[in-house]
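As a starting point, one isolated chain is supplied in structure tokens, in the form predicted alone.
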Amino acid sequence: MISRYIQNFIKYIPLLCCLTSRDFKLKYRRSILGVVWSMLNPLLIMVVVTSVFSVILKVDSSDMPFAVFYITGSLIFNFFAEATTSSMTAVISNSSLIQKVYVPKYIFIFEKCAFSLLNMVLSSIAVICVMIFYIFTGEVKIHPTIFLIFIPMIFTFLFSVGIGLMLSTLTVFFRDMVHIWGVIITIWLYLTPVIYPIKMLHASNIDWIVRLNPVYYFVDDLRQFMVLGSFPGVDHFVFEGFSCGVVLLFGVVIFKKAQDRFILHI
């Protein structure tokens, strides 16, 4: 059965590529700088956040410069936020195509996550530029572990697909989910050490709440591989693999059970 699903997925890869290309063109249509914004936007936000939290509020990220700390964390979290948010309306926004021809509906969720992954790869150029700057200042060193950054990216992608499948199903039947998720993703941001190091929570004994958050591990892994040159413990990968597996399984089951009724609500 699994091989049949794989063959079916391979059959629709051209459509997946076509939809991704469409979203890419739509995003940068009539934009003067075009794709450059994928690199410029995270740099501009990094300057603002660093000015507020590092210079004004004096947030200490002693393991690395705050600018590097923030931009590496935001790279993963922004990917997760964009992938899940865009996946919510993936089925609804493609209703005209779904009503005309047979297309596996999960393709639309997978495409949104793939497009967000492409945006993250482009945004990685901004991260590399910041890294190079701090390498020249001597505050950051290059490590061989940088070639392992694909690991947290893959984990984030799988986790986002699972969440996206669940969200897209809920949104078909309950449109208010779009607004609710906007609030949830904001709360999720503050439960993820993107703008603050987790050591700040040790004194209040609430860091255990953050450690239940899978996205924290994705962010931490990227920083360890890319900046610190260290390798996360096995417990990291066990928790990440378990979280991705459970979320993906729930997403597939929920989506599969509800997809035949989508046509009645889109």
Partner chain sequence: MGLISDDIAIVVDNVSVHFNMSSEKLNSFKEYFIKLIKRQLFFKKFVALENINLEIKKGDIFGIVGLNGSGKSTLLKVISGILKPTFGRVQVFGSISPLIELGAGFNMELTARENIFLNGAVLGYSKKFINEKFEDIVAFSEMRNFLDVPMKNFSSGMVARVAFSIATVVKPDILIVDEILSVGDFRFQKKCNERIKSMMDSGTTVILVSHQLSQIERVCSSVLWLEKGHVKMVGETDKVCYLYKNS
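For clarity, every value in this text was computed on a predicted model and none was experimentally measured. Numbering follows the first chain given and starts at 1.
The form predicted in complex with the partner chain is left out here; the points below concern that form.
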Can you pick the one in 122, 191, 177, 153 that has a heavy atom within 4.5 Å of the partner chain in the predicted bound form?
177
Taking the partner chain in the predicted bound form as the reference, which of 187, 142, 97, 128 has a non-hydrogen atom within 4.5 Å?
97
Is the gap between residue 250 and the partner chain in the predicted bound form 4.5 Å or less for some heavy atom pair?
no
At 4.5 Å between heavy atoms, is residue 12 in contact with the partner chain in the predicted bound form?
yes
Is residue 26 close enough to the partner chain in the predicted bound form to count, meaning some heavy atom within 4.5 Å?
yes
Applying a 4.5 Å heavy atom distance criterion, does residue 172 contact the partner chain in the predicted bound form?
yes
Just to confirm the contact call: exactly one of 191-199, 130-138, 69-77, 177-185 touches the partner chain in the predicted bound form at a 4.5 Å heavy atom cutoff, so which is it?
177-185
If you apply a 4.5 angstroms heavy atom cut-off, which residues in 228-266 are near the partner chain in the predicted bound form?
260, 263, 264, 265, 266
